[in-house]
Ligand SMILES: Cc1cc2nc3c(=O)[nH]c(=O)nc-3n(C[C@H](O)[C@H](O)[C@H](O)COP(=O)(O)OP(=O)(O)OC[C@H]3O[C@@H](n4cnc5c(N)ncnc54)[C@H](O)[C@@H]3O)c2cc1C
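Encoded as structure tokens, the following chain is the form predicted alone, with no partner shown.
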């Protein structure tokens, strides 16, 4: 079967890999000059199945009001006349209850843990390298009340069988020795020893090269303009380089997926939530992080990637804007600089933003659509890197008509119709 994949971020490229391994003829189309040049380019770098949790949770509306008032706010809302934004916000708030949180959390952890295992398997089979480390993730609490409130998370980890450690300040320093130089007091931390880190951009490009040797074609610098349909099926993709015909079509265009499928009568509730990162050259290894640290106060991830520190976070709801306000950089520098002072050259850091494709329930949309030869693999939000290999593995099974290794019915777009 010939399959056209629309989008060459980490989701599109991993999908191409698994579909090619299954014996299909695969072509990947993207408007950029190469893979992973948008949302997959400079994300936080953490692969954290244990922290796979919905943004929509009980208590979030009240927390959001407080966050909006903070100087270094983890949440920024820049509303404008956008009905898609309003619908998405309303649906997200509708998920902020205990019942929906539990359902969404179980879906996310199921997929994230499956994905972690597939990544380990892929690494072992191919020897792919991407500044990877397997030294766990430390969620750091600056305040005692944060540590005191960790019971709910621990209960979920226990229920899902995820190994964890609750650490006092001394234990936090033992896990991340650079914290010995912290300029702020530490209350404690929650560590997940099996989490990983890695450079998503390096991974995606290395895998794309491997896929190309397996016959996958990459059509770069090619803008997708429309999915043409006739007789209830997709007949071809219209691009600025001509029409592309395939037997099946997979949409993996992140935040831009809804616009492509809307003319087909498919309402895909994915909306961009902007995130920021800085990539800091290390100047003092002894002061730098060794893996990933999550700064709970600012919702910022600080990750070691080879000779660099990636500092990423924040959630800005502002549509498709890609400006780089200095205040956002200041938040990232404040978080990393106060915990790991002197570790990196902040003045030499590169500053970046990406549009995370978020669903209202934080669960990606993976599976078939009402159009028989059209499939979706999108809406992963902040967890595209964590969930990429698992998502690609199951969509390859779905397209081939094979039963996936995990339950996927509740990942499909049909769950929104069922909820309605």
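This is a predicted model, so every value here is computed, not measured. Positions refer to the first chain, counted from 1.
Not on display, but discussed next: the form predicted in complex with this ligand.
Site residues 117, 367 and 391 are none of them in contact with this ligand in the predicted complex, judged by any heavy atom within 4.5 Å. Here is the short version: of 101, 218, 276, 141, the single residue with a heavy atom within 4.5 Å of this ligand in the predicted complex is 276. Heavy atoms within 4.5 Å of this ligand in the predicted complex are found in exactly one of 343-351, 249-257, 155-163, 279-287, that being 249-257.
Although the partner is absent here, residue 10 is a contact residue: one of its heavy atoms lies within 4.5 angstroms of this ligand in the predicted complex. This ligand is not drawn, but in the predicted complex it has a heavy atom within 4.5 Å of residue 224.
Within 4.5 Å of some heavy atom of this ligand in the predicted complex lies at least one heavy atom of residue 382.
Contact check for residue 56: every heavy atom lies farther than 4.5 Å from this ligand in the predicted complex. Residues 38, 39, 40, 43, 44, 45, 46 are the ones in 33-69 with at least one heavy atom within 4.5 Å of this ligand in the predicted complex, listed in sequence order.
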